[in-house]
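Coming up is one lone chain in structure tokens, specifically the form predicted on its own.
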Amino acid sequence: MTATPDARPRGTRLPRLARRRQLLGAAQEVFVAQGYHAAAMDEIAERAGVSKPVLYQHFPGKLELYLALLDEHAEALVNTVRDALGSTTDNKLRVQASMQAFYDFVAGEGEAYRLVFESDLRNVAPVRARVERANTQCAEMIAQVIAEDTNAPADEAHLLGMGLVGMAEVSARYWLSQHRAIPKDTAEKIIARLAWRGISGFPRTG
């Protein structure tokens, strides 16, 4: 096989966890560049600088490899939103931090957001379940804050949380698709202002 331009040299023995990290990094590069269907295990192995048998020792198939990456980055998104919500008790700043969390995720190195938000496997059950779980977890965390501060019924708070998640995700992806024509911090503040004007209209308890 002809080596890809970014293929890593073979022959270096790595601890199992380090090797797994290397394989996931190579797989992410290929999946992001080509999508799931066009990506080949041969190319991922070549990119990582390992033989196919080594790749299959860690991941029994292409879908398992993809799901491992999706799990990692979906968890990273959820943790980023959790940290944003916990960073302050000021709700206006919470909204700003939550919007920033999505923009940070979309703007992150390696375009991992494509695996979560733009996967060409969204109709495959285990992929769809993981993406929906990540969105739901983010929405539920936001909904909990809304419910605690407004006494809104759980269903309404969850709808509001999902709406804010959708606003953050779609606007961040659009911002990136426009080649960052608006500075990132400005874009975050614009969307946070819109979100806050809506959510602050709900009466607070206490």
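Predicted model only: the values in this text are computed from it and were never measured. Throughout, rigid core stands for the largest set of C-alpha atoms superposing within 1.5 Å between the two forms. Note that residue numbering begins at 1 and tracks the sequence as displayed.
There is another form of the same protein, the form predicted together with the DNA; it is not shown, and what comes next is about it.
Participant: Out of 140-148, 167-175, 39-47, 153-161, where are the residues with a heavy atom within 4.5 Å of the DNA in the predicted complex?
Facilitator: Result for this chain: 39-47.
Participant: Looking in the predicted complex, is the DNA within 4.5 angstroms of a heavy atom from every one of 80, 86 and 91?
Facilitator: No, none of the three is in contact.
Participant: Does residue 34 reach the DNA in the predicted complex, with heavy atoms at most 4.5 Å apart?
Facilitator: Outside the cut-off, so no.
Participant: With the partner left out here, check for me: in the predicted complex, does some heavy atom of residue 68 sit within 4.5 Å of the DNA?
Facilitator: Flag for residue 68 set to no.
Participant: Would residue 14 count as touching the DNA in the predicted complex under a 4.5 Å heavy atom rule?
Facilitator: Taking the distances in the predicted complex, the answer for residue 14 is yes, it comes within 4.5 Å of the DNA.
Participant: Is residue 52 part of the interface with the DNA in the predicted complex - any heavy atom within 4.5 Å?
Facilitator: Yes.
Participant: Could you list which residues of 52-74 come within 4.5 Å of the DNA in the predicted complex, counting heavy atoms only?
Facilitator: Result: 52, 53, 54, 56, 57, 61, 62.
Participant: Return yes or no for residue 18: a CA shift of at least 2 Å between the shown form and the other one, with the rigid core superposed?
Facilitator: Yes: residue 18 shifts by at least 2 Å between the shown form and the other one.
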